[in-house]
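The chain below stands alone, shown as structure tokens; this is the form predicted alone.
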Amino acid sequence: MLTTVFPYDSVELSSNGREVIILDQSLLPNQEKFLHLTTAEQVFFAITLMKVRGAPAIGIAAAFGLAMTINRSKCRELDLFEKEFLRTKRYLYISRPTAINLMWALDRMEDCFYRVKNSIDDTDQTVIDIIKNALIAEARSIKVEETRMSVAIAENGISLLTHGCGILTHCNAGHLAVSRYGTALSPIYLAHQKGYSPMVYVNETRPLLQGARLTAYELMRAGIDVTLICDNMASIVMSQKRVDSVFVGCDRIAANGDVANKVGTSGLAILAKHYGVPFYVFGPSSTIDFNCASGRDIVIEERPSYEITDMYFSKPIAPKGTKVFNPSFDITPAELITGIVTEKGIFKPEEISKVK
């Protein structure tokens, strides 16, 4: 059974359902600070500013945020309560545009709202109280299911690993990104538990350094052999045959097997193809968007210029006024992907429809 090296989850809902508690990932690895969020606005900005990040964790945080906000509502009339719910849902829906888990989780919360509302014929306040409790339960269920999917992904993914194997990963697809265990890192944790002694190369992942700050932090804490490299060192590491496979997470999988993930992933896939290194994408089925025909239909989030020119540096590293292009994600075409690992098995990209 997969165990975790962390005594906490990166996203949690308080026992009374009135606070969303997150580990502020923007402060890692230097400080572990937990934020207690009590408004939809606080949850929105925690997601936007990447205090909570990683596609599954974003979905969990959004579901918790919606349940928490509605649980705190003082509205006593069902019609007004419904409007408040939909307004909050729409607000959280736009906090980040690329990760499908966020929309999936919020849509599921809306389904729960109307399933309960339409099944009860009682006073407004009674219906409201029942809906509040149902939404809290549904949000908790989303987290439980994502956690179980991480375990199943680990059990499927470990079949790709051998004793002493070398793995290259990009960004962070571990415990922090899924609230518990992870996607691309979960089979590495399981392999470590079983004594495989995996060796992991971690791209620093410019510009926000999620590989350096988060993945290296996680793996070192677990006692795994980890080596940090700059993103532009991936080619030489592969050419020296230090890497047996590439493991990455994903923020959205299109119906044709194209994948959106942290910017730099597509370049890594091209290098892997050149050097004959298998390239695997890991994600729960909640990351698959069957309504999205291909990667061309995925909206790519663009983030502010200071993340490149100023963030994590004591002084700006570019002249003032320099034009900056800062996409947060890129699209890896299906033909560059060896396999997609989900909780339901390992699939070729063109077979992703079988996950339904």
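Since this is a predicted model, take the numbers as computed values, not measurements. Numbering starts at 1 and runs along the sequence shown.
One more form of this protein, predicted together with a small molecule, exists but is not displayed; see below.
Contact annotation: of the candidates Arg96, Lys89, His192, Arg206, the single residue with a non-hydrogen atom within 4.5 angstroms of the small molecule in the predicted bound form is Arg96. Here the chain stands by itself, but in the predicted bound form one stretch of 118-126, 165-173, 219-227, 133-141, 165-173, has heavy atoms within 4.5 Å of the small molecule.
Taken together, the three residues Met50, Val178 and Gln210 all lie with some non-hydrogen atom within 4.5 angstroms of the small molecule in the predicted bound form. In the predicted bound form, Cys250 approaches the small molecule with a heavy atom inside 4.5 Å.
The shortest heavy atom separation between Ala55 and the small molecule in the predicted bound form is within 4.5 Å. In the predicted bound form, Ser328 approaches the small molecule with a heavy atom inside 4.5 Å. Although the partner is absent from this view, Ser186 stays clear of the small molecule in the predicted bound form, with no non-hydrogen atom inside 4.5 angstroms.
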